[in-house]
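Next up is one chain by itself, shown in structure tokens, the form predicted alone.
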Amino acid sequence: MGNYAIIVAGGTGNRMGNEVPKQFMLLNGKPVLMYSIEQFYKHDKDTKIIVVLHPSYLSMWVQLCNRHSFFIAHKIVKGGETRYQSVKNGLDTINGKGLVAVHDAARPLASVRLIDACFAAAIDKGSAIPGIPVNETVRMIKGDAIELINRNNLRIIQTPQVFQTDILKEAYKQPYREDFTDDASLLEAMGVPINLVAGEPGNIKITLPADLEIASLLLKIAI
């Protein structure tokens, strides 16, 4: 039995409007990806960390690690055309049973407390999917009509999502589909129920330039 963390950092960051992908952009002087790795290391120093990178940026990452004296042990795996393929590439390097967390590198503020809770819940339930309530009014467009949705029944889903390794490996034997937007959706496609746990409002995903500024402010509060 062992704990694993697959950190997906295979994107090219087009929505940031920057030549440097968001996982390599500096957040308070340090690349975003390094925060995600550090949080899993703080959770458990024995966690085997797998970082999935776009092949074009492998050398850039090595240079950044040297420049920032970043020496937390991790395995680098080449990413694929899609997030699905990137996670699958990471899973293929895992042998044996245990728990595996899949985490987006663009969520550098996931707290150790949240990571602990997800792993603990996955031991009992087989999976742990963090989510937070929706506070805004939400409407669905149906043709020419607009329908109000009860936001009390909605959750914004986050990562890390933690699973028993054999369950997730079985899920990734399914052919890719466009509606596989996260790892939990693969389990649902097999008819396996997922287990929701409380996420964190501060566990934001960096997608747009303004998100870096928000993350910088949140770091001052502490994660």
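In this text, all values refer to a predicted model and were calculated from it rather than measured experimentally. Start at 1 with the first residue shown and count on from there.
Here the subject shifts to the form predicted together with another copy of the chain, a form of this protein not shown in this document.
Mapping the unseen interface onto this chain, residue 148 counts among the residues with a heavy atom inside 4.5 Å of another copy of the chain in the predicted bound form. Taking the partner from the other structure, another copy of the chain in the predicted bound form has a heavy atom within 4.5 Å of a heavy atom of residue 156.
The closest heavy atom approach of residue 181 to another copy of the chain in the predicted bound form falls within 4.5 Å. Mapping the unseen interface onto this chain, residue 73 falls outside it, with no heavy atom inside 4.5 Å of another copy of the chain in the predicted bound form. Of the candidate stretches 90-98, 74-82, 117-125, 134-142, only 134-142 has residues whose heavy atoms lie within 4.5 Å of another copy of the chain in the predicted bound form. This chain is drawn without another copy of the chain; in the predicted bound form, the residue among 58, 190, 196, 26 with a heavy atom within 4.5 Å of it is 196.
Shown here without another copy of the chain, the chain has 201, 205, 207, 208, 210 in 198-212 lying with a heavy atom within 4.5 Å of that partner in the predicted bound form.
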